[in-house]
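In structure tokens, the next block holds one chain alone, the form predicted on its own.
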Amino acid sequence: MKKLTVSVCVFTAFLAMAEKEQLPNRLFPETDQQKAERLAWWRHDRFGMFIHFGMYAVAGRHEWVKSREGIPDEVYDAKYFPRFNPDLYDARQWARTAKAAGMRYAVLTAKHHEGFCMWDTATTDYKITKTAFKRDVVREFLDAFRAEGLKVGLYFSVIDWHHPDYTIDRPHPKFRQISGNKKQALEKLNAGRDMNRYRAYMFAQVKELLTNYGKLDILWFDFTPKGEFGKSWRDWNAVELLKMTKQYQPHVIIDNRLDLMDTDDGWDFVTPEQFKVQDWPTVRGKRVPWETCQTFSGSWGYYRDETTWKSVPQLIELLSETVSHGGNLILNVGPTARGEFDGRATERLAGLAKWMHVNARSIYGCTEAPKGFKAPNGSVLTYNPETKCLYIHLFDYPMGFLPLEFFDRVEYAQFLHDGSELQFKGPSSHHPQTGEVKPVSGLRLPILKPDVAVPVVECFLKK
């Protein structure tokens, strides 16, 4: 690694202050209305693509392979650095695929925990342009996705398993080698490591990304390993890191993984990972913007032998349920070491593209249904406040009839995929064989399920 020559005095001073400092409620003068306007496009678009791409793709068995297997730097680098050559990488094809799938924004890993940089940084030789590939992956990604009209973001790991001054913590590969008294072993392992120097390096890298690549719409920092043998916001000088970010990119949207959740504005959205959210998340009793980050399978980086891949209907259900609780979905692709999307991902993206082509109105600009609207069994509701349209996503397709408790509030209904009318069926209290039944009103549906992965009913509500 080429050392970055930079004064660390200022970082030492920041750290001394941070150790005594308590986080204020607010860090910036931005009002709630100004924040709402800054996040408006993101909350409208709802659906994005995450791309975890790095040297770990060569191993092909999870982006945490270095930590999981406790692989030493010299072994990891000697094996994978010379062999990382994503010669089939075509950012334009990636962008077209994301756009076709209905994704409106995309976030690429500029640096993951392994410390390898996917851009032509001046801070280290541990970067993509020093491999046989030689090209700047980040620049090509940003150019291609912007050209397709998509919003763009970068992911940056504040964790770094490669930098010699990054202090060993619980997720670090060297932590796996510890036996016996962990506290004493960590003190020995961290002797000579200096987080001041690491912070200077980290700040310089983030500044490059903020100043050399044009406007960024999202900056996704990851992550603060809390608890015993972990870290806190002080380890990153997170307040100053955020201030620098806002200085160079005042409109950028930032996630919540710098451990600044005790502030009201040290983050823009919360990030529930790899589970289905049942209710709109709250912080200190207040509903907040949120985005669930999810994978097609169980891994973020390319994992050749991973088999728990979600089906297209499952992915549509995940997207619809997320929007029904007022959230965003960012769905991850882990490209292969050759630089292409995994064929299993491509197949599912094609399925999403087919569904979104005719059903995007039930996603973009939509949110939770108003109070008083209860979803029929086996479905979820999304709602567009501007058009006053309600959308019923039918995961369990009913046979011929869809009961609606809010029947009297619907003026007109149709299938969204083809715009065909769905007729009303009024209440009936008698059945010729069984006698009296509970009166039910709803919509007549065809017996056969339409040829669409998840049918959606579009309801135009009465004024």
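Because the structure is a prediction, the values reported are computed rather than measured. Residue numbers run from 1 along the displayed sequence.
Just so it is clear, the following notes concern the form predicted in complex with ligand GLC, a form of the same protein that is not shown.
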Is the gap between residue 52 and ligand GLC in the predicted bound form 4.5 Å or less for some heavy atom pair?
yes
Find out whether any non-hydrogen atom of residue 257 is located within 4.5 angstroms of ligand GLC in the predicted bound form, and reply yes or no.
yes
Taking heavy atoms only, is residue 401 within 4.5 angstroms of ligand GLC in the predicted bound form?
no
Although the partner isn't part of this model, could you tell me whether residue 84 comes within 4.5 Å of ligand GLC in the predicted bound form, counting any heavy atom of the residue?
no
Only one of 127, 113, 163, 104 comes within 4.5 Å of ligand GLC in the predicted bound form by heavy atoms, so just point that one out.
113
The listed residue (80, 233, 155, 203) that reaches within 4.5 Å of ligand GLC in the predicted bound form by any heavy atom is 155
For the interface check, one of 38-46, 410-418, 22-30, 57-65 should have non-hydrogen atoms within 4.5 Å of ligand GLC in the predicted bound form; which one?
57-65
In the predicted bound form, does each of 220, 223 and 273 have a heavy atom within 4.5 Å of ligand GLC?
yes
Between 291-330 and ligand GLC in the predicted bound form, list the residues on our side with a heavy atom within 4.5 Å.
293, 300
